[in-house]
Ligand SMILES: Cc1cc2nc3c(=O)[nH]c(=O)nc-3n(C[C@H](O)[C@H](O)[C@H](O)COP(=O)(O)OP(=O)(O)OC[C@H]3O[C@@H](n4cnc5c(N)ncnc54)[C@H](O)[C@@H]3O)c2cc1C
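Single chain ahead, written as structure tokens, the form predicted on its own.
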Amino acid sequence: MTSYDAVVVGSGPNGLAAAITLASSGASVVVLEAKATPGGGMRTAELTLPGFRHDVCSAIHPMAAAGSFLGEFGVDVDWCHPELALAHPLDDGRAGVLHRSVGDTAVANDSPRWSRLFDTVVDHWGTVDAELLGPMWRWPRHPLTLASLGVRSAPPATALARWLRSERGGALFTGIAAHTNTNLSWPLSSSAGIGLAAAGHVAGWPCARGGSQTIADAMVARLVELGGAVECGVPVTTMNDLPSARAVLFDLTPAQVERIAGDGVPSRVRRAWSRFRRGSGTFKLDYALDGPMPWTSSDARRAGTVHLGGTWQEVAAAEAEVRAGRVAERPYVLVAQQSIFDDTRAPAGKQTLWAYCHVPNGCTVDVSDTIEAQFDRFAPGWRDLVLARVVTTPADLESYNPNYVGGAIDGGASELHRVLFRPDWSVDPYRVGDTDLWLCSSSTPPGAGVHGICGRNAARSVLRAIG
């Protein structure tokens, strides 16, 4: 068998990012993928009807567009931007809205404090990307700036929503923060809201033209240009399935790495990993529609992403229910309507709709009705447009991708200190003890998202170790 400098197991965004980083430094690298196509959470398929292209997992990519990885390593993605990045409708027909401009967002939401919250973050986005989106056991190059930015992420999301003193602004911020899949009354739960909203101000909330699969395709193409390779249809169940390599990187959760590596994972690492909680599950619906959603909010009709859940208090209550292990009666629902701004997604005059809500990990309850009740609430009459529907349960997600244990798509809970230190408190959270094994998945900092930074950071750790 061929010997490599590094083997990467898993071709999700972080696995491919790790391979690209290594290959760009001259290392020989191969990526092994169990499925027939690469991509992990970046896949697109005709889930409902012919001609309707649905993103299987990830759909909207503010962190990928605003982050440094793709541009730094020459990965070319054709981004499509909606007229309005995000809308969060309220029952009275108004909506919290996210514009590219911080000032325009503050004005639109009658929230002057929005500018106070985000101007500094956006102005120092390079520092956020370089310093905050990585392992925290490092002395920062810009400590004062970093401290200023960190203060904004420290409070509970509910505290910042209240501080904004705007019904629309509070709902908008809390809906964005809820992406982190945690109790929004806990400290550090503002971090996702700060990061994702700021990324939207920096680069928008776009989708990839043609579907998220095109991001994976672009990353694979770049890796091949650099001399690397991807081999699909190659499941890895034990270390004996791997070719010889100086380093092995896993774009997997810690539990999967333990199953594959066995005693190769030091006992102290296994003990630390055992305290890393699984994230909440995901229940997803995809639709083929005969026309655009009839949102009562005119802003929602222009937005690429729509958050459903009502006031910030309602969103926080729904997410608290999920983190307590219960199904929310009125869930917070994330919706993407890519076809209104990417004409490759559906036949002329038709539309796609992508939606999910959080549920307890491993939940077996069918929550389709509760999700659709939120559609009824904010887009009455939408049922008349449905041509086809596909339901994806937490078990379906785990079957599709074993990384999504219990339907969790975040690689591990992003709560309290796990926002910063994941999956343990190691100085180098990517290296598995002092072995030749590395984690490069969203189970490491900075966590979930199609941004590639976990993989890039892990690869840099490998390069420090093997030269």
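The numbering used is simple: start at 1 and walk along the sequence shown. Everything numeric in this text was worked out from a predicted model, so none of it was measured.
Separately, the form predicted in complex with this ligand exists; it is not shown, and the next lines address it.
- Shown without its partner, this chain lists Tyr332, Trp273, Phe375, Trp354 as candidates; in the predicted bound form, only Trp354 has a non-hydrogen atom within 4.5 angstroms of this ligand.
- Put simply, of Ser339, Thr105, Ser153, Gln256 only one has a heavy atom within 4.5 Å of this ligand in the predicted bound form, and it is Gln256.
- Look at 66 to 74, 426 to 434, 35 to 43, 22 to 30: in the predicted bound form, residues with non-hydrogen atoms within 4.5 angstroms of this ligand sit in 35 to 43.
- Among heavy atoms of Ser11, some come within 4.5 Å of this ligand in the predicted bound form.
- Although the partner is absent here, Ala59 lies within 4.5 Å of this ligand in the predicted bound form, judged by heavy atoms.
- Using a 4.5 angstroms threshold between heavy atoms, Ala448 counts as touching this ligand in the predicted bound form.
- A residue is said to contact a partner when one of its heavy atoms sits within 4.5 Å of a partner heavy atom; Gly51 fails this definition for this ligand in the predicted bound form, lying far away.
- Residues of 246 to 268 placing a heavy atom within 4.5 Å of this ligand in the predicted bound form, in sequence order: Asp251, Leu252, Gln256, Ile260.
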